[in-house]
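In the form predicted alone, a lone chain appears below as structure tokens.
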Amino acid sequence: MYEPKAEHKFTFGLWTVSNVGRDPFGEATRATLPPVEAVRLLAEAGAWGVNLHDNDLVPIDASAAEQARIVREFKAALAETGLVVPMATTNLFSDPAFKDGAFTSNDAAVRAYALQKTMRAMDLGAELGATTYVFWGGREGVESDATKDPREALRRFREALNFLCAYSQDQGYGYRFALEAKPNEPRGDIYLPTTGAMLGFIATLDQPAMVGVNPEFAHESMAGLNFVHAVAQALDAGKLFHIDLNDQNGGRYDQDFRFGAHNYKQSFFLVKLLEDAGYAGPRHFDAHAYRTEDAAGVKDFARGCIRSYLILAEKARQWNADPEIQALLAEINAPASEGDLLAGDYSRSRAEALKAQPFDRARLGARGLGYERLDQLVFDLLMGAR
């Protein structure tokens, strides 16, 4: 029941299983895992695909000959394991050149270099078969609003995305771009901090149909928001092009815990939403193992992400088939006779009928909705008491 299959499309980033356990207060606790070995580990853990930043695979200062060798060996590992590369992205945050942003930097030379680096990374992603390209603007922000006009920053970001959309089309890559929001860290404030902000921004682009979102569980949770609602909005807009699954204790730094490690209830409703909606894209785990783990623990982490998703997917099926839960939902959502006035599109006659309809406000206010019982059934289901 909990064995991954290709149709689940479980993916991990190279940066996730290759995370060496370094943090701002401590050095690495495990050795770097080379890309080829990361691919093999993920295949053993049951993954379908592997995603990457450009420099996860090819060092930033590699020569053309070195890049060719690295890519050749990586492709051989993909062929050996059967893993695919569905998504690629660019590291525009690690190098000191991007200390004040990439596409929004005040330095025009930095903005030009960011475009160059991204085009080359798009070339690499296309060579490996990627069809989705994610943009996370980790340095696109400020510590002080004295340093940058936010309107100018948005204009610069818009111009960069318009340019790169045109580049993708000109090269025939067929990419769908997915924008990833985060409120802060590593900058004090990052522009377009939520999925909703990204959706609003997309409408201002030259080719909005090419661009969607890549919401991340931890990022919305850092802002104190409900991630399930952010994903639902993206689905409703037809813009859920990719998704980052992990876990987060709200109000903390970006923890990137194993999926399902902390928020059982919200993780359940997220999985239920994706499964009920028929989401067909990759289920990408952007997380990393605890700093306490060795290489074996990293494999346990990867397997745990997959297993947690599959367990919650089974719980979602149980929810949908549970007679008591479904009867309660039917009762909660039972239409009243007055509800007939809401059926259909606007018409003058319907508006007049609605204005003339008498409503018993006291009855409406006194009706119990059964939400306590329903919520307890969620707990019972998740705890295995049903």
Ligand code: GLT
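We number the residues from 1 along the sequence you see. Not measured: the values here are computed from a predicted model.
Below, we refer to the form predicted together with the ligand, which is not included among the displayed structures.
Distance criterion of 4.5 Å from any heavy atom to the ligand in the predicted complex singles out Phe93 from the list Phe163, Tyr173, Phe93, Tyr113. When the ligand is considered in the predicted complex, only one residue from Glu73, Asp123, Glu293, Asp254 comes within 4.5 Å through any heavy atom, namely Asp254. Using a 4.5 Å cutoff between non-hydrogen atoms, Glu216 counts as a contact of the ligand in the predicted complex. Within 4.5 Å of any heavy atom of the ligand in the predicted complex lies no heavy atom of Ser221. Taking non-hydrogen atoms only, Asp244 approaches the ligand to within 4.5 angstroms in the predicted complex. The ligand in the predicted complex comes within 4.5 Å of a heavy atom belonging to Thr89. Taking the partner from elsewhere, no residue among Tyr2, Arg258 and Asp300 has a non-hydrogen atom within 4.5 angstroms of the ligand in the predicted complex. Along 279-295, a non-hydrogen atom within 4.5 Å of the ligand in the predicted complex is carried only by Asp286.
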